[in-house]
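Let's start with one chain on its own, the form predicted alone, as structure tokens.
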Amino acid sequence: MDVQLEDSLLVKRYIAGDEKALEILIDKHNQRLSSFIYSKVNSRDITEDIFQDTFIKVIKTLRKGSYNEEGKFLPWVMRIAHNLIIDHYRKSSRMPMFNGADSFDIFSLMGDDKLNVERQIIKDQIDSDLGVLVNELPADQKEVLIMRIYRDMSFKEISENTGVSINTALGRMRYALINLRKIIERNNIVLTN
């Protein structure tokens, strides 16, 4: 059986009694689902438990005949996993509890370390704006700043690559930063994230 078969066809085959179809579905989505779970719980053992519980719920739902989200198998499975992750935190008392304050904000309790879309757009815009400002610097200062900040080179490496002393490279970096501050102040630019 071809692993690239559509999820909906595999679901139909499993419901019709083809156990191999479920095995293909699990293999097909194993990596993505496991990565999603692990990103939330940071434990291999808990990830495996939640992964297994997820597919136990999937099997029960399919066998009952109550699955009706044809073509949306993976989002459905991810939602089951997400709910099991929340259950895990509730059971382990690691999820913050509401203490009855008037100014309750669920988003202050739950967070995601990853950048959300809005923050990523802002960060990309700041990076773009900063690139324009760097281009206004004199060539020697721009070269040192790019090597140091964007290429993460040491001043010794910069010195060797540009043929100037380490002190000269340090001086150019210093002047590059001073000049960037002047450009930012002169144009009333705000670079915040």
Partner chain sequence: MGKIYSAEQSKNYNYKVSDSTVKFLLDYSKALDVMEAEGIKFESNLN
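In this text, all values refer to a predicted model and were calculated from it rather than measured experimentally. Residue numbers count along the first chain shown, from 1.
The same protein also exists as the form predicted together with the partner chain; that form is not shown, yet it is the one meant from here on.
Novice: Can you check whether K60 is within 4.5 Å of the partner chain in the model of the complex, heavy atom basis?
Specialist: Close contact exists here: in the model of the complex, K60 approaches the partner chain to within 4.5 Å, heavy atoms only.
Novice: Even though the partner chain is not shown here, does T162 get within 4.5 Å of it in the model of the complex, heavy atoms only?
Specialist: Output for T162 is no: heavy atoms all beyond 4.5 Å of the partner chain.
Novice: Although the partner isn't part of this model, could you tell me whether K156 comes within 4.5 Å of the partner chain in the model of the complex, counting any heavy atom of the residue?
Specialist: Within the cut-off, so yes.
Novice: Tell me, yes or no, whether I26 is in contact with the partner chain in the model of the complex, where a contact means a heavy atom of each within 4.5 Å.
Specialist: Result yes; I26 sits at the interface with the partner chain in the model of the complex.
Novice: Decide yes or no: are S34, K40 and F55 jointly within 4.5 Å of the partner chain in the model of the complex, with each residue judged by its heavy atoms?
Specialist: Spot residues vs the partner chain: full contact, yes.
Novice: Out of I166, V132, I126, I149, which one falls within 4.5 Å of the partner chain in the model of the complex, going by heavy atoms?
Specialist: Of the listed residues, the single hit is I166.
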